[in-house]
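One chain is shown next in structure tokens, namely the form predicted on its own.
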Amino acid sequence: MLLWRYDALPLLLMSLMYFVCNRVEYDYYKYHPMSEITSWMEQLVKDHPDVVTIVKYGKTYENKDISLLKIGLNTGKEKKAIWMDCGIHAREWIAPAFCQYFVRQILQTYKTDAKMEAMVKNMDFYVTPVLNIDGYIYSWASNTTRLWRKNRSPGPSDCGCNGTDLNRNFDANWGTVGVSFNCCSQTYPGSKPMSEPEARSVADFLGSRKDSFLCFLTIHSYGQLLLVPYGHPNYTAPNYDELMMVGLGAAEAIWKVHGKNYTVGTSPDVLYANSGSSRDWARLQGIPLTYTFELRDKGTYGFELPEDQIQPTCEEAYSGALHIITYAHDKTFSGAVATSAVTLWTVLLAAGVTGATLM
């Protein structure tokens, strides 16, 4: 019997080597359907059980689980947190691609980079790779559905169109500007604030622990923009100066990677007025640093960004997001540095230096 074990050992080793060599590496520079993203999430938990968990925090209209990846070292203490969601608009495929890249970068660096190690110890990262799962799956169904934007809930009884724009459905000046109550419109905000299960899931999860969150990043495309609250032109965030200062720093970090210019400002100032966005809702909940990233490009390919642009888009956006997250971390865990930066920005504003002149 002992002889059989020794004879079998080379075969076992060969089988193990075959498995390792033939395990397919996940391709972060292509677009993945929802089934592959779900499998990727499950594999991450197996590969990094000490730092990654999956949290199911809601259901879509079609009763699919809405899940996020919680990334952080267990310290046994209550921790501060960072939020990131991607894919709230189904057709913006580059957004889920970025969330996947973002997670990979954290997991690749936290053991070797002292700053990332500190952040993973001090904070938990909550990353939803695809929020609008029903819409995302539908956008993969055929060429005719590729540009689907909304979720898949039915419209009112007198309407033959499906879908609500989830980024107009949050309870933040809901239904006032930048929407259409024609239920077939791309910007239909729903029948009432938080009418959609996807929006309610985010609100319930964040609302129950809102004091823990330092930062809220929601990832979209396209336009190369960093948008700060608020989408309604009549309202200004109480920390607007800080949001602009940090946003401009993020835009500079983005530019340094591949030379792409991102414009920073409120949506009415640099894009269009809107209401009911998740970004504005998060700021109204008291989360101080809330941003919408509009990734590449500026309209050449629009929502159908070629796969050969995934890598550079993710690399530059990661630098921008990391700038904001690092600022949030350092302000909380070494506040003097961040306070002096805000003071400098206030002085610049008083001298007439604006986002436009710095860009």
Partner chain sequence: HSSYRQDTTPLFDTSQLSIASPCTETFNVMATGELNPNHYPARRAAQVVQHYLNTRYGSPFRLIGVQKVHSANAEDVADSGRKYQLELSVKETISNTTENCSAELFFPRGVEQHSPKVQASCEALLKIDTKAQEEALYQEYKRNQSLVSAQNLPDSHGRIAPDMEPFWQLGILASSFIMLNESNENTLYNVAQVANITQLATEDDQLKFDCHTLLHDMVSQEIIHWKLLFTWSPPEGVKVLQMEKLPHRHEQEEPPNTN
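Computed from a predicted structure; not experimentally measured. Positions refer to the first chain, counted from 1.
Keep in mind the form predicted in complex with the partner chain is missing from the figure; the text below concerns it.
Contact annotation: of the candidates Phe333, Trp40, Phe303, Tyr61, the single residue with a non-hydrogen atom within 4.5 angstroms of the partner chain in the predicted bound form is Phe303.
Checked against the partner chain in the predicted bound form, the candidates Ala203, Ile71, Ile82, Ile137 yield a single residue with a heavy atom inside 4.5 Å, and that residue is Ile137. Listed stretches are 157-165, 118-126, 101-109, 194-202; the contact stretch with the partner chain in the predicted bound form is 157-165, by a heavy atom cutoff of 4.5 Å. For Gly299, a non-hydrogen atom is located within 4.5 Å of the partner chain in the predicted bound form, even though that partner is not displayed. Residue contact check for Gly286: one or more of its heavy atoms lie within 4.5 Å of the partner chain in the predicted bound form. When the partner chain is considered in the predicted bound form, Ser208 lies well away from it, no heavy atom lying within 4.5 Å. Shown alone here, Tyr31 lies within 4.5 Å of the partner chain in the predicted bound form, counting heavy atoms only.
In the predicted bound form, just one residue of 93-116 lies within 4.5 Å of the partner chain by at least one heavy atom: Trp93.
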